[in-house]
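This document starts with one chain, in the form predicted alone, laid out as structure tokens.
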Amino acid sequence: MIINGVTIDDTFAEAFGMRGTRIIITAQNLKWAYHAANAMTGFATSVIGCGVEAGIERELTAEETPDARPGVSILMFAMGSAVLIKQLETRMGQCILTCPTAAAFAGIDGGDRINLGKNLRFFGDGFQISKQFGGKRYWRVPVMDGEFITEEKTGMVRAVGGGNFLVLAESQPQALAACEAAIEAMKKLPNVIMPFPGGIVRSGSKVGSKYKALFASTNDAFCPTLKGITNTELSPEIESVMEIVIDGLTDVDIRKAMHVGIAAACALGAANGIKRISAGNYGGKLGQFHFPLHEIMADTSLNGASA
């Protein structure tokens, strides 16, 4: 398969079942909603070293939020329920409770009910009070700038993490430009995040290492500087490879994001140094979700997908 001169490898991305949740963060204005959300999603690029993968999903207008204030929604993913629950509570306490004017609400009504602000109420030292509206319980916790308002619980659902594709280009600036275009297109979709810095990964990994203490190491087959000394996957003209990793609430969400992201990267074309699109997998042995590149790019129902 070739799109605008870019070769699409006949391979698949391999992804894993995860647990996911959405939180709605509001504040006096978007500036402070982003301060809270950026802190909440900090150091959350990979479950390998961070416990959770998290990112900002989208901005919300006052008409879309429970307290009629501007806000943002964030998504958080973990390999297991216990890890996600603990990370959510810890990050809520350190990043939302502490942030001036911020409040937090459930972003998923279905799924398993897990604590959002239920335990944070104890910070009120007995002065906290609760109110119930529409079958949902909210807590008002006194703090020095007024009150911290939070919903008691949110929803946790089964999700998918680790959808991915690789951009292979003739130079580092060209690979980065293609990935930036892909991220901008993918950010328009709901239900997905790209958790790495700016949504892009330069240090793609393989399973295993020559060092016993490590269970993952640099993906040498896709490292341009190692073409002469390893079993490379790169042709001579490829000098830079970057990866985009996607987490989504469903496998369909991942497919939509991969489709629009790859299309955006290919729009730059071979004339701009974009030579191949590939994907990372483990031979299909580890992750239960497989995303074949040819199948996804041939699926016209995913064109311009926005929901």
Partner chain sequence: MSALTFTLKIESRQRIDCSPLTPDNLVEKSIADIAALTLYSGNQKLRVDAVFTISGDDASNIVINNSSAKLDYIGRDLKTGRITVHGDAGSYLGFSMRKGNIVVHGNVDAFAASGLSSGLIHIHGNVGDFLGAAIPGDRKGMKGGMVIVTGNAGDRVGDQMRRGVIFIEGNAGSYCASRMLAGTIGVLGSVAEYVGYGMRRGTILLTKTPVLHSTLQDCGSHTLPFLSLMFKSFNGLPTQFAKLNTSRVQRYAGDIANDGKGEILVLK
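Numbering follows the first chain given and starts at 1. These figures come from a predicted structure and were not determined experimentally.
Not on display, but discussed next: the form predicted together with the partner chain.
Proximity to the partner chain in the predicted complex, single hit among C50, A62, V252, A267 (heavy atom within 4.5 Å): The residue from C50, A62, V252, A267 that makes the contact is A62.
With the partner chain left out of view, which of R137, K86, R113, R158 would have a heavy atom within 4.5 Å of it in the predicted complex? Answer to the contact question: R137.
Could you tell me if all three of A216, D220 and Y282 have a heavy atom no more than 4.5 Å from the partner chain in the predicted complex? Zero of three within 4.5 Å in the predicted complex.
When the contact criterion is heavy atoms within 4.5 Å, does E147 count as touching the partner chain in the predicted complex? Within the cut-off, so yes.
Close approach of F133 to the partner chain in the predicted complex, 4.5 Å, heavy atom: Output for F133 is yes: heavy atoms within 4.5 Å of the partner chain.
In the predicted complex, is there a heavy atom of the partner chain that lies within 4.5 Å of any heavy atom of P236, even though the partner is absent here? Taking the distances in the predicted complex, the answer for P236 is no, it never comes within 4.5 Å of the partner chain.
Examine G126 and determine whether its closest non-hydrogen atom to the partner chain in the predicted complex is within 4.5 angstroms. Yes, contact at 4.5 Å.
Could you tell me which of 66-74, 274-282, 259-267, 29-37 sits within 4.5 Å of the partner chain in the predicted complex, going by non-hydrogen atoms? Heavy atoms within 4.5 Å of the partner chain in the predicted complex occur in 66-74.
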